[in-house]
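A single chain comes next, written as structure tokens; it is the form predicted alone.
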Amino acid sequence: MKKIGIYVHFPFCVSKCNYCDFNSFANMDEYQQDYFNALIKEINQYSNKKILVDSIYIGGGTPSIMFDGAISTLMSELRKSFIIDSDVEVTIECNPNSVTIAKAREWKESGINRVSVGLQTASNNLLKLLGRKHTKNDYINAVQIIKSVGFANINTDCLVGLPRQKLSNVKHTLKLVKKMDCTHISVYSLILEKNTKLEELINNHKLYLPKEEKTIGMYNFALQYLKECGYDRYEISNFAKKGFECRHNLNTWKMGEYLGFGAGAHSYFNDFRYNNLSSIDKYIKAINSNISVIENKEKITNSEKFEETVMLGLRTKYGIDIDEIKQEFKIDLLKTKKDIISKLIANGFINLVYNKIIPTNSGYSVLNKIILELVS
């Protein structure tokens, strides 16, 4: 029986954050019901009781602003269409200001067992600068509500490298998340995406990104602080208490297969990568007209699969298994990259442990260079 993950996309948001380039749209709530109906139709089209689902990730957008009953109905339809593992991990993303007791109870009763809360920073001034519509207190209230209905696995997303952000802001944010006793923390460095409001503000010199060494200092503090607090960095930007690593993300980093449903959702299945139409309106119309919603589809070559296996595997603490690569791709890295591997070890960028190449903390800072040297 094939084992996969499932991703479900809800593209609705109360407002568009200044840094966001995800497939999300503000002020389109009137499309929610029609979109949801189309989403369920798409899921039913893929119905296959020979597929075992061991992780489900409900993302966006902001899934937590969907109408009452949407999430419980979604979970019911997924169970009808696929075999759901008894130990399945089910995550839902939420923004702090959209969490209510009624919604949290619906999630819990529908079988969701992991909640990811988008905090980004505990500084209200920085939240406003980012275009976020919640406050620090909204976050505290949201986590308290989520815990009150019985959730034990909670992630918080944080950002470093923000305009006007200081190291003291990062310290305050991480100390708050630790105090809230979250089991998983993601710490991402801000990426300035094209065609975002933040890019416009930076280009017009109304805001300035911090210097690279300052952002590195923020991240290094996070790395050391979270380690001292009992969080293990199992991926370059993700930290978890023992046993709380995100299964859905690990599946992606290990080149596991997954199906994505909804506008703009991506899939990797049977050696093909494909993505759906990103427009909400076009997605709904295509589904209702029995037209494929797949916008782009390409078969992954063996060479591309090798490169992705190396790239994604080296992002994690598990690294890449030389023996597995030799067996699957007929590439013996210890022979073809002997000198490069020796140099990387000597420079303290990687370790070779039981025939696995694992980046060191120093190696993570030059990870792109390591990847290029191993796949070129």
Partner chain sequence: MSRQDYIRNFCIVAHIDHGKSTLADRLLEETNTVAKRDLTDQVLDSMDIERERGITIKLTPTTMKYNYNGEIYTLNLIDTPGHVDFTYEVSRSLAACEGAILIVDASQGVEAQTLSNLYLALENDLEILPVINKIDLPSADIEKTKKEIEEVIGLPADDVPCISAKCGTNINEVLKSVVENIPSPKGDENKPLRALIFDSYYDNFKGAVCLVRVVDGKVSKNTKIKFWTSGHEYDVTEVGIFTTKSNEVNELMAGDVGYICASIKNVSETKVGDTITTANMPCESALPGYKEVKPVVFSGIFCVEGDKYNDLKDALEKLKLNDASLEYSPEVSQALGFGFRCGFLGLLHMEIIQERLEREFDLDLITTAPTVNYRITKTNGDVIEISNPADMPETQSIAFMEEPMVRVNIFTPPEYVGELMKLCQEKRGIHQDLQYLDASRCQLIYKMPLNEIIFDFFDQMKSRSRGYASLDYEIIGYEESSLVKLDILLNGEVCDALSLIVHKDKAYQRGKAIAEKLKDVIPRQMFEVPIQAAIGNKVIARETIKALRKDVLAKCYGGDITRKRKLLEKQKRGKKRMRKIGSVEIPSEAFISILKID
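Residue numbers count along the first chain shown, from 1. This is a predicted model, so every value here is computed, not measured.
One more form of this protein exists, namely the form predicted together with the partner chain; it is left out here, but the text below deals with it.
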Check your understanding: Hey, in the predicted bound form, does residue 344 get a heavy atom within 4.5 angstroms of the partner chain?
Key -> yes
Find out whether any non-hydrogen atom of residue 375 is located within 4.5 angstroms of the partner chain in the predicted bound form, and reply yes or no.
yes
- Item | in the predicted bound form, residue 147 touching the partner chain (heavy atom, 4.5 Å) | no
* Is residue 273 close enough to the partner chain in the predicted bound form to count, meaning some heavy atom within 4.5 Å? -> yes
Checked 136, 233, 241, 178 for heavy atoms within 4.5 Å of the partner chain in the predicted bound form; positive is 233
Of 281, 193, 109, 200, the only residue with a heavy atom within 4.5 Å of the partner chain in the predicted bound form is 193
So, 189, 237 and 366: all three within 4.5 Å of the partner chain in the predicted bound form by heavy atoms, or not? yes
Assert contact_stretch over 76-84, 121-129, 207-215, 165-173 against the partner chain in the predicted bound form, heavy atom within 4.5 Å, equals 207-215
Of the residues spanning 287-303, the ones with some heavy atom within 4.5 Å of the partner chain in the predicted bound form are 298, 300
